[in-house]
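Shown next as structure tokens: one chain only, the form predicted on its own.
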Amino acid sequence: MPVKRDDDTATIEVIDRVSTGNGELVLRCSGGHYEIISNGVFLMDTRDGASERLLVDAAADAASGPGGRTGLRLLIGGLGVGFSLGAAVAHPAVGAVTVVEREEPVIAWQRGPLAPFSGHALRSPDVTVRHDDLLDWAFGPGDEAAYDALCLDVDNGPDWTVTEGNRALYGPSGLRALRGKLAPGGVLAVWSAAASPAFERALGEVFAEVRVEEVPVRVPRGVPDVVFLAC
């Protein structure tokens, strides 16, 4: 049933509400935009997507190198609303995309109301979706492929994780595990809602090169989104 925000400026309609092993997930629509809420905490919406696209484009550009390699194998951690997946499928250097998503409802939503935001990318034969926890994948046995780029967007950043266990991804052991999933010359890209000097230093202890790109966001908080790139 539609409800009103406290300021009565927008109607919020709950599209789906699902209980999972990690708590409650809600897909809702507000002012014509979709939002994903996890255990009452806002995760993402369909209002912009600039930083999600930059996450993928910057990683693929770096992995393709000066020679402009193509046919890259790219993995996305976290399906979200589909912006990053759409960018990966559209990038001319990317040949195959794997998405690791732990929440089945998010995968289902991408086949339903959120499909337009990835350009219906799940229909592409070049896309594989793995219903798995990225944490388990990262620390698990070797994958069938080494990836040219890993793009992580499973949290609001290394300092604001959706679950406590995800913090391990951003520490020394997690970063080494992720580096082990990369092909030679591969790139790790991590999205964050804010800068994190401590995480930047941690990346520098595991990877030879680290750079940070900021993305201005069109919301009142004024703090730019950040994409960390390491190789």
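Quantities reported herein were computed from a predicted structural model and do not represent experimental measurements. A residue's number is simply how far along the shown sequence it sits, counting from 1.
Form predicted together with a small molecule: not shown, discussed below.
The single contact residue among 175, 58, 182, 44, judged by any heavy atom lying within 4.5 Å of the small molecule in the predicted bound form, is 44. Only one of 94, 121, 154, 138 comes within 4.5 Å of the small molecule in the predicted bound form through a heavy atom, and that residue is 154. Contact annotation: residue 132 falls within 4.5 Å of the small molecule in the predicted bound form, judged by heavy atom distances. Shown alone here, residue 166 lies within 4.5 Å of the small molecule in the predicted bound form, counting heavy atoms only. Proximity of residue 106 to the small molecule in the predicted bound form falls within the 4.5 Å heavy atom cutoff. Not displayed here, the small molecule is approached by residue 80 to within 4.5 Å at the level of heavy atoms in the predicted bound form. Of the candidate stretches 182-190, 59-67, 36-44, 200-208, only 36-44 has residues with heavy atoms within 4.5 Å of the small molecule in the predicted bound form.
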